[in-house]
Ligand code: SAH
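What follows is one chain in structure tokens, specifically the form predicted on its own.
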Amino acid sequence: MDYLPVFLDLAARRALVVGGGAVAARKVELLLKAHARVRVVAPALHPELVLYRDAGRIEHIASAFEPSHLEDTVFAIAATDRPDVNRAVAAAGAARNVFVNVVDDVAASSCILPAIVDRSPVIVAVGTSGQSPTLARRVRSQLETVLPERLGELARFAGQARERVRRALPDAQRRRQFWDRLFAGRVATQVLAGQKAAAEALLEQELADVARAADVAGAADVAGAAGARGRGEVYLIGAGPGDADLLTVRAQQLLQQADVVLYDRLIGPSVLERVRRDALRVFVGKQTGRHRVTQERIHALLLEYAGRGLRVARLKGGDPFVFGRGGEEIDVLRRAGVPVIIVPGITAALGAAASAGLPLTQRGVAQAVTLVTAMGEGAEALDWRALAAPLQTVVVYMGVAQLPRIVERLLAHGAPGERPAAIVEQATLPDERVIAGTLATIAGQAQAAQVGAPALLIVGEVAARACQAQSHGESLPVTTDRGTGQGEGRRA
């Protein structure tokens, strides 16, 4: 280890920044976050530093650097564009036992500023001993996606509860076990979801269990007794249109802590790879013409696993509240008193349209977008006249098997046969296809191309862009028919 990682307490202490440009401004901002008393030495100031000066947040000395500027300083940063000045600051700091960071000059520095993930009071510092700041920033970016935004709130919550937990669990080993279980359980999940009141109630319940277990068992493992009791929780997660990289950060975080994952047929292997390795995976998909897991059975499984005190992820394609029956599941869970955390996903309409380069709304072309499903009881009651109206985009979920009927009804209710239409099959996945045509041709095209689920039908003038993309030589995987012939292309 070439450097000792240290967190400095700079609150109310003097820190010096030599330089007045954009780089110096970033360093000053960092020092102000640490509540340092910042002195800036520079003949002229960046506009952002001028604001800090005028607000009284920094002291400005409008001159060239002099060693005397290090008076009463505990830390300094040299951030000018002149190596000789930066080295002079470093030398003056060494003479006064002041640590100096010289920007982009490891050899002259007596300390290095790391890349920082700030979830205050949780701070993660990433360094490469000055070998590759760019790599440190990349590692930081990866950590940013893993660490919850409210991680600092969890740390503060734990800090406020420390004394209560210490009184309830005087034994250090049992106390450590309690905290490990708490950070992996429902209390932490509620804090990270912004439900602090619910988390506080759960913590009180955990501590009450500890006290009861201590009264009954004496020297028993009371921490384990507390963690083993109570009901689990369910995460209702939208997995997006298919590409695992379109999972939200929150979805990935909860998939890493779930004990059980119930997933449907739209969840591909790449998404399941984001699930915790030792989690139980249970397929509950529904496929036409094959064995179906009924919705009632899914409800029963959610209640069964949560009743064991497990963390259950219900993983759905798209968004759980857009034709995903998420409303039914949340009603069942809430009636049973099971805590539920809802994580929205990119619904298939948005994912497919974006992947195919089709804007669902566009000024002067489509002023509204309507999402409908061609499956189930509600399909018969659709307002087909409204769906056939111009200046809108209609996206039909689960409509491939019913495509001829859908087209027939739209035409019968006033939609012109030349209205553009497109089918996006396997949206966002490597074998995605876009079938582009018109209402008059799209059913025949889909049959000829043997389109299968999952696929969405997009009807409206914006669908014409699929044809335009092919005519302009773009790499969109498109099959088109505007009444003059057919062509097919796929992504390589």
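Note that residue numbering follows the sequence shown and begins at 1. The structure presented is a predicted model; accordingly, all values stated were derived computationally and were not measured.
From this point on, the text means the form predicted together with the named molecule, which you will not see here.
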Contact flag, residue 375 vs the named molecule in the predicted bound form, heavy atom cut 4.5 Å: yes
Flag residue 429 as yes or no: does it have a non-hydrogen atom within 4.5 angstroms of any non-hydrogen atom of the named molecule in the predicted bound form? yes
When the contact criterion is heavy atoms within 4.5 Å, does residue 347 count as touching the named molecule in the predicted bound form? yes
Is there a heavy atom of residue 424 no more than 4.5 Å from a heavy atom of the named molecule in the predicted bound form? yes
Contact at 241, 317 and 398 by the named molecule in the predicted bound form, all three, heavy atom at most 4.5 Å: yes
Where, among 22-30, 37-45, 59-67, 451-459, do residues come within 4.5 Å of the named molecule in the predicted bound form by heavy atom distance? 451-459
Single option in 323, 178, 263, 235 placed near the named molecule in the predicted bound form, where near means a heavy atom within 4.5 Å: 323
